[in-house]
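Taking the form predicted alone, here's one chain by itself in structure tokens.
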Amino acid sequence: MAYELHYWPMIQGRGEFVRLALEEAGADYIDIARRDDDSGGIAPMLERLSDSTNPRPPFAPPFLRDGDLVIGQTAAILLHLGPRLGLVGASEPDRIWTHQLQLTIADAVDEVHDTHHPLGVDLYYAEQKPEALRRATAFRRTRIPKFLGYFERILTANDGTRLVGADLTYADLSLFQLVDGLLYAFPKAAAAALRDAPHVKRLHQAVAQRPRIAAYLASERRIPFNEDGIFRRYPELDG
């Protein structure tokens, strides 16, 4: 049975980290909300989110259905998929370490989101521009270098090309997506930080050139970055 991914059909968002793992593994999956037949669209996703009979409902998308199992939260989905897709090491320490790195990437993604919505998601960007500029300035100056510097240190301590062990993991794919998003949203600040993180830069380039990932990035399945997603390009926030 194909995996079913439920996420908004108009943005990459947090669902993209799951898509990259599924695409790299060549897994059979259905992006439910992007289907245009009677079984697709946003309605099935919203129905699952609002199902009062489900004792273990997901809080929000993305969530994945694998047979009778429904899993919410990006990091939890990847924790489940990693061994099944061959994208995590076999040992428990490797699995936990990979999961820890994924959670750190999730922290970075949350901070990216807060640069354009520092006061809350119920307000438009235009309603919080002064606060967004202040938050983005701090994020550019201290947080981007801190996050990328951390992953640079992890790569250096390993083999320089992978975050965990010798083989590609879902954490490598997620770091690619984080860097790709930063280069879109903060092209000047991200490029400057990457000059001090050469291993991170090379990993980003190497992942983009992997055959299945390259094919995915060139396909219509890859939703372009846009100003409705997490990574948004507002030039004034890039300094």
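Position 1 is the first residue in the sequence shown; the rest follow in order. Everything numeric in this text was worked out from a predicted model, so none of it was measured.
Below: the form predicted in complex with another copy of the chain, not depicted.
Taking non-hydrogen atoms only, L87 never approaches another copy of the chain to within 4.5 angstroms in the predicted complex. Interface membership of L49, defined by any non-hydrogen atom within 4.5 Å of another copy of the chain in the predicted complex, is confirmed. In the predicted complex, at least one heavy atom of L69 sits within 4.5 Å of a heavy atom of another copy of the chain.
Among heavy atoms of H80, some come within 4.5 Å of another copy of the chain in the predicted complex. Picking from 182 to 190, 52 to 60, 26 to 34, 206 to 214 the stretch near another copy of the chain in the predicted complex, with a 4.5 Å limit on heavy atoms, gives 52 to 60. In the predicted complex, another copy of the chain lies within 4.5 angstroms of at least one heavy atom of each of the following residues of 115 to 151: H117, P118, L119, G120, D122, L123, E127, E131, R134, R135, A138, R143, K146, F147, Y150, in sequence order.
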